[in-house]
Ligand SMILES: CC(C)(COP(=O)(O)OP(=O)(O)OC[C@H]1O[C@@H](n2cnc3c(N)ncnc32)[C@H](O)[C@@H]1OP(=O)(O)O)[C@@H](O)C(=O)NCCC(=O)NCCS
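Before any questions on binding or motion, here is one chain by itself as structure tokens, the form predicted on its own.
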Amino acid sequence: MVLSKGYIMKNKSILEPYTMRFIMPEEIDQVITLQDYIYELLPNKEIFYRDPKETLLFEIERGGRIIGVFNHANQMIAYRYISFPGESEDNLGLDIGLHESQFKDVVHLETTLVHPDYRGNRLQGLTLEKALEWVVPFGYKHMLCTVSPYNYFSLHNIMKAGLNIKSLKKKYGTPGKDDGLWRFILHRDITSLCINNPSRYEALEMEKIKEQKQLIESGYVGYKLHKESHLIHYTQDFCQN
């Protein structure tokens, strides 16, 4: 299913056509190749959790989708992975206190990656727009995702899309081996028209884990990431509906 077509810049200098579409299970190796390539380039490996091939295939089998972006040579240059956790223990609604009756209305924004040669084309935003267009007609209400506190660009993009920080905890750990990686858990009610512009807020640096946890646990919500200072704005005057 083709979601969109158009033109993008490669290395900010070469105009190329692209196609955005849902990928097929037999194309999953392209996803693995791209995520492994980008992982090896990262100076801080903690900001990215690689999805096992088996997990991706399992999620596709139970209704998840991967939106792939392909260049003129049909090479995958970006993707966005979406899953529907339902009542499983993986549902991020558990981490932000959603009632179990709401779990069926949850959609997860999982990994989003863009090849370095094609960054600067708003591909994260474009794939998110298509994801929203696709999920809203099915009645999903709660959009959730995790982002590393050390990943400014991903956090900035996802907060610009209206997702707010509701929790901060370690995720993706291995029982008995490690307790996981620090992750913000962000949420957006995609049926709400509410806009947050509070008069009172607290501002903290992204990397200040302890201080942010204290704020969140005392009822604050992160609603804005300041572009210049990289400070996250938290408020208790949060608009819910």
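Just so it is clear, the structure is predicted and the values come from calculations on it, not from any experiment. Numbers for residues come from their place in the sequence shown, where the first is 1.
The discussion below concerns the form predicted in complex with the ligand, not included here.
With respect to the ligand in the model of the complex, the three residues Lys12, Ile38 and Phe153 uniformly fall within 4.5 angstroms at the level of their nearest heavy atom. Residue contact check for Val114: one or more of its heavy atoms lie within 4.5 Å of the ligand in the model of the complex. The shortest heavy atom separation between Asn164 and the ligand in the model of the complex exceeds 4.5 Å. Taking non-hydrogen atoms only, Asn71 never approaches the ligand to within 4.5 angstroms in the model of the complex. Using a 4.5 angstroms threshold between heavy atoms, Leu128 stays clear of the ligand in the model of the complex.
Of the stretches 100 to 108, 132 to 140, 86 to 94, 119 to 127, only 119 to 127 has residues with a heavy atom within 4.5 Å of the ligand in the model of the complex. For the options Ile190, Ile47, Leu215, Leu204, the one in contact with the ligand in the model of the complex, meaning a heavy atom within 4.5 Å, is Ile47. Taking a 4.5 Å heavy atom cutoff to the ligand in the model of the complex, the contact residue among Leu42, Leu57, Ile32, Cys194 is Leu42.
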